[in-house]
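The form predicted alone is given below as one chain in structure tokens.
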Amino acid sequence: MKSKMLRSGVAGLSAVALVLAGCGRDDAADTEVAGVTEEPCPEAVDQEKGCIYLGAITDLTGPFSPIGAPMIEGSQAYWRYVNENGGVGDYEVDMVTHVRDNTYNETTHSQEYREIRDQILMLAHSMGTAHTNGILDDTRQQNIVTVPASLGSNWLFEEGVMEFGTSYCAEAMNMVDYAVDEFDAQSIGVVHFPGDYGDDAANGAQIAAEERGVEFFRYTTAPGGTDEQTAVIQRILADRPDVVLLSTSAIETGAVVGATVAQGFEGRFIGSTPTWSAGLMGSQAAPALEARYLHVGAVAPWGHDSEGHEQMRQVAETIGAEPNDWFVLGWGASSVIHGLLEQAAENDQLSRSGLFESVDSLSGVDTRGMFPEGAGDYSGELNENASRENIVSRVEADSPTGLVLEEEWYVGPTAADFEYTEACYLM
């Protein structure tokens, strides 16, 4: 089992020419630090400050672009806010110049990474678990701290990775426990994609179902609308589980919930983080979703009353951003990265190797209510600081994104007591 301490060990062993210790701005004039410049950022607020370049590789035009595009927009809005309020030490932060589109293709992801590799201090957003795994050996060799834009439990075990939020696996445990405790569920079904996302969630759900002694049905499906979900829909109607968990995308959420309810299914649905999109409120499934569906996610929805959400909405209004819960997640993730950069700057370690060391010493970040208390703690053993809490939201048609808070930072008994020894899904 990996502890956080392993990260600094790897960093110390990597032989990279760009590894520099003690890179505050004063001594940067005599050295060169990848991704950190004396020159101001292209859109600098203060021309006297240098620039920190963060990289991002996401899906801007492919199947997960409804997630990737607003997450990047939320991150960029966050750094704009930071720059307008003094930046990070003697620097401002740029997460615009080195944003790349992977079209959710693994080969493209790797190509784009190599295009920006030498210009970034860290990879602050890397969408796709398999995509990120494909470049991880190189990011470690380059001492580039990587932040995956996915919630696979595998990230808890990977050196050089700064994960945030509760894993799909623990999230699904919470979904089962919530179904048992709140709806008295005696049987659980889970509709899931195969692979790193869906199987990670389904395996977590199965662990919780066994712990709680409830009947368990597993339905593997592929992306697509109602026609592609016919087989799964018929199996749900035949098995009639009390609660159906969804670990798919929003398209399958609308298809499965809408069709099963229309055909007389009387159970409830609880969906993983990626299963919701505000666009579902305009679909034929909207009434069924409002009556039967709950969303379990990593951050509270757009309209939530926290200091971080209020700050985010104020900035979003100034740039004309539409309400979007993925924008919220991009903003929240950046607040954790901000904590890392601040700590590295304070320690005079604003370099790639410095960030590696700073991750292991980061003991928490004030996210102003975006994440639960204790978020951003990478300083201890995995099982001490792995996130296990989730937001539970219900659907309300007149809310900004269709979701409103039902329960804040719920953690069920299975996730609370679970001991990680390996990833819930092994790729």
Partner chain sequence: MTQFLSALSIGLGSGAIYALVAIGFVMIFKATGVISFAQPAFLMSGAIIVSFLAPLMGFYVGAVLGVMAIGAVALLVERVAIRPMIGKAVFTIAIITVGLDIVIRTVAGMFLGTQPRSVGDPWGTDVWVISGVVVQQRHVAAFVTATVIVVALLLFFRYSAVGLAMRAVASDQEAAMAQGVSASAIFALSWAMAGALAAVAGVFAATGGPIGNTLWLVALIALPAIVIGGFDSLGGAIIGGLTIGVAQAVVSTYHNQWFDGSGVLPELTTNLGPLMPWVIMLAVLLVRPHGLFGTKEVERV
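Residue numbers count along the first chain shown, from 1. What you see is a predicted model; the values in this text were computed from it and never measured.
As for the form predicted together with its partner chain, it is not shown, yet the points below apply to it.
Taking the partner from the other structure, its partner chain in the model of the complex has a heavy atom within 4.5 Å of a heavy atom of residue 277. A residue is said to contact a partner when one of its heavy atoms sits within 4.5 Å of a partner heavy atom; residue 106 fails this definition for its partner chain in the model of the complex, lying far away. Although the partner is absent from this view, residue 55 stays clear of its partner chain in the model of the complex, with no non-hydrogen atom inside 4.5 angstroms.
When contacts are judged by a 4.5 Å heavy atom cut-off, residue 70 counts as touching its partner chain in the model of the complex. With the partner removed from view, the residue among 339, 267, 87, 323 that has a non-hydrogen atom within 4.5 Å of its partner chain in the model of the complex turns out to be 323. In terms of contact with its partner chain in the model of the complex, the residue from 186, 110, 141, 263 that brings a heavy atom within 4.5 Å is 263. The candidate site formed by 134, 353 and 380 is entirely out of contact with its partner chain in the model of the complex, as no residue has a non-hydrogen atom within 4.5 angstroms of it. This chain is displayed without its partner chain, yet in the model of the complex the stretch 221-229 from 331-339, 221-229, 151-159, 89-97 comes within 4.5 Å of it by heavy atoms. Of all the residues from 89-103, none has a non-hydrogen atom no more than 4.5 Å from its partner chain in the model of the complex.
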